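Taking the form predicted alone, here's one chain by itself in structure tokens.
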Amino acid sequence: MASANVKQVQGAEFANFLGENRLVMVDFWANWCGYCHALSPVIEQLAEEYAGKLSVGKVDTDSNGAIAGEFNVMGLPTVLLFENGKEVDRLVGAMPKDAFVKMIEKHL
């Protein structure tokens, strides 16, 4: 589940969400994915720590397969970083928090 700083993004609202901030991080996940659940608290911490600098969203790949396909998401969890609406970075798997911090800081 998402915290106040993490938005569940679906369907047509995805493109609008990418435009909400210069930097946007999207966690592609599925309810059946144990690693996705393990990563969720890290995503929520990052959303809180980077509030105002970074918009954070989650896309449930089971109900939004077209979005996952558009960005060639093959494994879960996959976290994409967008700058000005374009993908600039990605991490696949339940990585440690510092891996995400490095990815974000590189683009701030």
Partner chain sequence: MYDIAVLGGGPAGLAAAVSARVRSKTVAVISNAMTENGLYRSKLVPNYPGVPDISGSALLEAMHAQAEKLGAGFVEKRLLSAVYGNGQWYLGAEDEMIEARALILAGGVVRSERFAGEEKFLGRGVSYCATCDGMFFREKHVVVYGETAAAEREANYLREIGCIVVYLSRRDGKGALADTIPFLRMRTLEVCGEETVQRVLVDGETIQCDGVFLLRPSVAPVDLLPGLALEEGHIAVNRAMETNLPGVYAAGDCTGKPYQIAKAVGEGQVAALSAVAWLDQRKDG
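Remember, predicted model here, so these are calculated numbers, not experimental data. Positions refer to the first chain, counted from 1.
There is another form of this protein, the form predicted in complex with its partner chain, and it is not shown here; the text below is about that form.
The putative spot formed by G34, T61 and G75 is fully lined by its partner chain in the predicted complex; each residue has a non-hydrogen atom within 4.5 angstroms of it.
Although the partner is absent from this view, R90 contacts its partner chain in the predicted complex, with a non-hydrogen atom inside 4.5 angstroms.
In the predicted complex, its partner chain sits within 4.5 Å of a heavy atom of A94.
At a distance threshold of 4.5 angstroms between non-hydrogen atoms, A38 is in contact with its partner chain in the predicted complex.
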